[in-house]
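Just one chain follows, in the form predicted on its own, and it is written as structure tokens.
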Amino acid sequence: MSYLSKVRAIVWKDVRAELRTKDILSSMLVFAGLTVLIFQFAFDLRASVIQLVLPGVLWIAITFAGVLGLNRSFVLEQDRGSMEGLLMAPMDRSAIYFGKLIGNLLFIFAVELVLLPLMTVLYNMSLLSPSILLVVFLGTIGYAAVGTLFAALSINTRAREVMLPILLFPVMIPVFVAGVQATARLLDGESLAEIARWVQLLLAYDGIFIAAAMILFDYVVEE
């Protein structure tokens, strides 16, 4: 099998397992929906306030829902005893990383496909413009790239559910800042060209950390 065929096989395995159990997507969707609803009902969000808080609410919902999916992607492998089989397979271990990364991206994108229209309806402010979708897309890639690496690292720790966000969130600060700032400025009416520095930061972050994770993944999963 070629390298891409091995990556595709891992992705297809995760997608088929999720289609059978609905374990990851259901928990992510419920958590994201509850996060949005809590902000909706807990605060008196007048029209003047919504535009200020909406970018933060969006990225908080993506962040916390994403942690559930990232954590479960490797915990399920560990609990089923299939992680050892993946590591013993005759292939470069970076293929495991990219297979898991693409699978995690698909699940997070699926949640965002529901989350963005939901927030557009609840807050009466469109989050479906091409520019905002581009920012969310780039931020999600960086988030999943680092999260997949740290999820593989944390499964061998005792407090693995707690360890992942502790490791992940400090490293994700550039993505959160760039994502919130870019989204806020787009909602204020600025063009994509005017927020180019934030988009460039997301692009640089994605490239650097995908390359770093590809190199480090073999060391992370070593016993």
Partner chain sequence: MTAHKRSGRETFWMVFTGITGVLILIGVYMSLIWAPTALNLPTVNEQLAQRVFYFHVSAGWVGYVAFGVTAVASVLYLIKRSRRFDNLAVSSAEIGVVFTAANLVSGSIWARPTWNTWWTWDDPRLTLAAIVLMVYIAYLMLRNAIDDPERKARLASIYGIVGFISVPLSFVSVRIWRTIHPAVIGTASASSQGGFDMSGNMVITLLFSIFTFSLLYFVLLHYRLCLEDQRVELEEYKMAVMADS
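Here the structure is a predicted model, which means the values were calculated and not measured. Residue numbers count along the first chain shown, from 1.
Only in words, not in the display: the form predicted together with its partner chain, which the text now covers.
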Checklist entry - Would you say all of 153, 185 and 209 touch its partner chain in the predicted bound form, counting a heavy atom within 4.5 Å as a touch? => result yes
Next on the checklist: When the contact criterion is heavy atoms within 4.5 Å, does residue 56 count as touching its partner chain in the predicted bound form?
Outcome noted: no
Next on the checklist: Since only the chain is shown here, I'm wondering whether residue 201 would be in contact with its partner chain in the predicted bound form (any heavy atom pair within 4.5 Å).
Outcome noted: yes
Checklist entry - Using heavy atoms and a 4.5 Å limit, would one call residue 219 a contact residue for its partner chain in the predicted bound form? => result yes
Checklist entry - residue 173: heavy atom within 4.5 Å of its partner chain in the predicted bound form? => result yes
Next on the checklist: Please identify the residue among 27, 51, 181, 40 with any heavy atom within 4.5 Å of its partner chain in the predicted bound form.
Outcome noted: 181
